[in-house]
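So this first bit is one chain, no partners, the form predicted alone, shown in structure tokens.
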Amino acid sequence: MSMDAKRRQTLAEELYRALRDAAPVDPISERHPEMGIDDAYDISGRFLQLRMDNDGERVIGRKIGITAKAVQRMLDVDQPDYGWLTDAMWVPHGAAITIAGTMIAPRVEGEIAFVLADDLAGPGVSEADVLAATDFVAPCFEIVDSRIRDWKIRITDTIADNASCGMFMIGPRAVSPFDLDLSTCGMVFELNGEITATGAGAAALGASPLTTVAWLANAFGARGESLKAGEVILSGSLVPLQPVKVGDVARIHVGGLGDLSIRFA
């Protein structure tokens, strides 16, 4: 790591205050060009620890970001990133998501969520291993929100900022991953009744959501950690990010998984 621990802790506290105050900070990568990927993940872990220590949040899963090749090119990286999901980020199905005064610049993504039946420990985890370890999959919205001003992010900014994660909602229909082709299943995204984007499972790393979850298990395996049974894994957006405001209603339809709607208040 190229940053000292005190600086990493200070930046984690800055991001934590930005989250709680819904007030953005200037891009960290511009102020601290020495920040590397390892520094950013350490800051993210410290940011998470502050949420756990100060607010009693507990980890219930992980999210995968930067799975689209176009976004990787934009950020000049060749791999995804990851962040943490806590119980405070999970919005029950059917509830409105309050963004006024709680989020800075929210955008919504349509994804497929995995819930694990068994642990997944890398290295060497394959797509077949992910399939075997999954309890069920379901349609999912992730509401991303950058604590970095105006979304002016580089890869290290979004990693430090818990992969720009805000909140998420999982649909009520649980489907065995053996009952559909996760590479070819299509997604239609509607905003306020108009179709604004379409996608398919192959948008995830150009292959399948199974590929992204395998990547995540192996990334944690390289650190001596594993994905745990019961955890929720958000496998990455299948459609472009959509900015949202108060009053908007978003809906996705995923082939084989059904529909999911969400309202922003």
Partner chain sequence: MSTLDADTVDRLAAHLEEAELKAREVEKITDEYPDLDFEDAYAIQWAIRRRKERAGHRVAGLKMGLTSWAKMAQMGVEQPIYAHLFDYFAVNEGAPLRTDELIHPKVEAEIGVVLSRDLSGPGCTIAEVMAAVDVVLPCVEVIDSRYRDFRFDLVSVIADNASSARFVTGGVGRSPDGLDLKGLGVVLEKNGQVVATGAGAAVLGHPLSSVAMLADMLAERGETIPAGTFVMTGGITAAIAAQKGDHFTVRYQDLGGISLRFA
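These numbers were taken from a predicted model, which means no experiment stands behind them. Numbering follows the first chain given and starts at 1.
The protein also exists as the form predicted together with its partner chain; that form is not presented, and the subsequent description refers to it.
Using a 4.5 angstroms heavy atom cutoff to its partner chain in the model of the complex, all of Leu180, Met187 and Gly255 count as contacting. Comment: its partner chain is not present in this chain, but in the model of the complex one of Ala214, Val232, Ala203, Met35 has a heavy atom within 4.5 Å of it, namely Ala203. With a 4.5 Å cutoff on heavy atoms, Ala95 does not count as touching its partner chain in the model of the complex; it lies far away.
Although the partner is absent from this view, Gly61 stays clear of its partner chain in the model of the complex, with no non-hydrogen atom inside 4.5 angstroms. Remark: Thr198 counts among the residues lining its partner chain in the model of the complex, judged by a heavy atom distance of 4.5 Å or less. Figure note: of the listed segments 96-104, 152-160, 132-140, 189-197, the one touching its partner chain in the model of the complex, with heavy atoms no more than 4.5 Å away, is 189-197.
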